[in-house]
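Here we start with a single chain on its own, the form predicted on its own, put down as structure tokens.
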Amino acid sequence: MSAEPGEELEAVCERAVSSALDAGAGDAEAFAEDSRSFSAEIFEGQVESLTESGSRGLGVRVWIDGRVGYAFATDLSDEGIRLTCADAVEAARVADADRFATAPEPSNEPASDASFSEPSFFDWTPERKLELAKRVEQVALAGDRIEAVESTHYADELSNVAIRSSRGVEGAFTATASFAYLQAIASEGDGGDRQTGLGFGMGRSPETLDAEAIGAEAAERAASLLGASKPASRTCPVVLDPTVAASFAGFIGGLLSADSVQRGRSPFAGRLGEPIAADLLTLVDDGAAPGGLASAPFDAEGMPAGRTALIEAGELSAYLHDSYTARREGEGVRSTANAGRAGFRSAPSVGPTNLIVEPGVDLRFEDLLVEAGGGVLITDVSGLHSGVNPVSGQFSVGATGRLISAGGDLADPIDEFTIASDLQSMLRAITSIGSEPRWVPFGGSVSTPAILVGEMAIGGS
């Protein structure tokens, strides 16, 4: 009887660590991954593309007197592992020395025993997944004034991961993820206005994806923007819907990574303990959040995943660290278990896992609109990553949305305008946070409700 994938990967890691030490490494870490992915693109009811792929390999990181080397391989035979470890050792011998570069020590904290895979994931055949994606498209096409649907996407992934190190780090887990999204196109007909709208859903299994809701969301968003015009320039209250709030939260999470802070490429550098936002804002990184697709029992260095409050009641309370940035920071700073990898081909680097904006209490989306009476709802932004200065935090980005009447009803659609501020002013100007959070998978894994910013500059006509 053959071993389970996780057990096989653990054995591969053990052999790799032993081989690296035999090759001359002072310390060694082995990370093995076996993943399978499925993706499909649907257009006009037909399968436009379908990809099933698998990836299985090993990454080896070694340390020799403050020098680090990394190598990876897909040949997991004894000889393949031996050659990979020899390459990693050779890379370390020619690397520059860095006094902060040492192997991570194992944690005394237990890793989460939660499951990050969904049993129903394995019951879905490719045919069922394609039918689900086609149904998403059909629902969108049936929407009011929907002219077409840009390609509808479905994708999922199964990952088995294991890690071992010469310092005693060890662990293994299995994770599953599924998501679907599309852009519907609404039209006024006869050369009139055309607008697009996004619909999406995510979970640990296609079983959790609601095709009716995903398709309907795209259709409703597109139709609601028909006839959009450029608004007058002014300063007013702005409601960020969850997809837009998630984009900003993801960007801010990146700027709170210690690597950005230590390099001086963050407007939040040197501000620990200072108020940087309205006191109703709490932003946390939670690497084991049950609903987050970035969740795992431990990070890419084997540190048990946990919850780190980054902004707590408006005060900057922590930066995100892996073992290297924690040592570089000194003063007893420890890893926050935020080492991430793009797979076995890359060495770990620090970054957010799941970012969570703590929801407010009893504030529905409609309540936020009433509070923002006379303002603007932002439903989409463009150019966020190129439109934000990562050092000063100043930004000016393109936006789409709806005007909000004085009484809090959604009014005319608007587009071709900009919103401008700087990240710190925007965070301080938050006046309300909704109580209906949603996971958003674009640009990271973020859970956030809609957020009301009391004052922001709108650049229109």
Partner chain sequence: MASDDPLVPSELAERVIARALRNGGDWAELFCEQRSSFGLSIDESRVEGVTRGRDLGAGVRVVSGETSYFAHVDGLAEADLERAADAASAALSGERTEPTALSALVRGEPQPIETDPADVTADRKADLLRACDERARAAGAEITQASASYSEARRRITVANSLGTFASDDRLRTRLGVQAVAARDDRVETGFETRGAHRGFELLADGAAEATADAAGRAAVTMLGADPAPAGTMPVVVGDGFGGVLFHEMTGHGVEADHVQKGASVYAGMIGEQVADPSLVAYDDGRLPHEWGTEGTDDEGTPTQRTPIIEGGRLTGLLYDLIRARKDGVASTANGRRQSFRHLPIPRMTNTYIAPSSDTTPAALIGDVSRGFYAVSFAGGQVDPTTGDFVFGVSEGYLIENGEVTRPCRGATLIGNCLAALRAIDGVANDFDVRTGFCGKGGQSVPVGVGQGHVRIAELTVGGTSV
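Think of the rigid core as the biggest set of C-alphas that the two forms share within 1.5 Å after superposition. Residue numbers count along the first chain shown, from 1. Model, not experiment: these values are computed from the prediction.
From this point on, the text means the form predicted together with its partner chain, which you will not see here.
J.: Of 322-330, 247-255, 117-125, 288-296, which is the one stretch near its partner chain in the predicted bound form, taking non-hydrogen atoms within 4.5 angstroms as near?
T.: Going through the listed ranges, the match is 322-330.
J.: Using heavy atoms only and a 4.5 Å cut-off, decide whether all three of Leu50, Ala73 and Thr418 touch its partner chain in the predicted bound form.
T.: Checking in the predicted bound form: Leu50, Ala73 and Thr418 are all within 4.5 Å of its partner chain.
J.: Any of the heavy atoms of Gly407 lying within 4.5 Å of its partner chain in the predicted bound form?
T.: Flag for Gly407 set to no.
J.: Taking 4.5 angstroms as the cut-off for heavy atoms, does Ser435 touch its partner chain in the predicted bound form?
T.: Outside the cut-off, so no.
J.: I'd like to know whether Thr174 contacts its partner chain in the predicted bound form, with contact meaning heavy atoms within 4.5 angstroms.
T.: Thr174: no, not in contact with its partner chain in the predicted bound form.
J.: Please run the contact check for Asp98 against its partner chain in the predicted bound form: heavy atoms, 4.5 angstroms, yes or no?
T.: Contact check for Asp98: yes, within 4.5 Å of its partner chain in the predicted bound form.
J.: Find the only residue in Ala309, Leu83, Leu363, Leu141 having a heavy atom within 4.5 Å of its partner chain in the predicted bound form.
T.: Comparing distances to its partner chain in the predicted bound form, the residue within 4.5 Å is Leu83.
J.: Which residue, Glu131, Asp87, Glu371, Glu220, has a heavy atom that falls within 4.5 Å of its partner chain in the predicted bound form?
T.: Spelling it out, the residue with a heavy atom inside the cut-off is Asp87.
J.: Sequence order please: the residues of 163-198 with a heavy atom within 4.5 Å of its partner chain in the predicted bound form.
T.: Stretch hits, in order: Gln183, Ile185, Arg194, Gln195, Thr196.
J.: Do you see a C-alpha shift of 2 Å or more at Val376 between the shown form and the other one, with the core held fixed?
T.: No, the C-alpha moves less than 2 Å.
J.: So with the core overlaid, does the Cα of Arg82 end up 2 Å or more away between the shown form and the other one?
T.: Yes, the C-alpha position differs by at least 2 Å between the shown form and the other one.
J.: When the rigid core is used for the superposition, does Val68 move between the shown form and the other one (threshold: C-alpha shift of 2 Å or more)?
T.: Yes; that C-alpha moves by at least 2 Å between the shown form and the other one.
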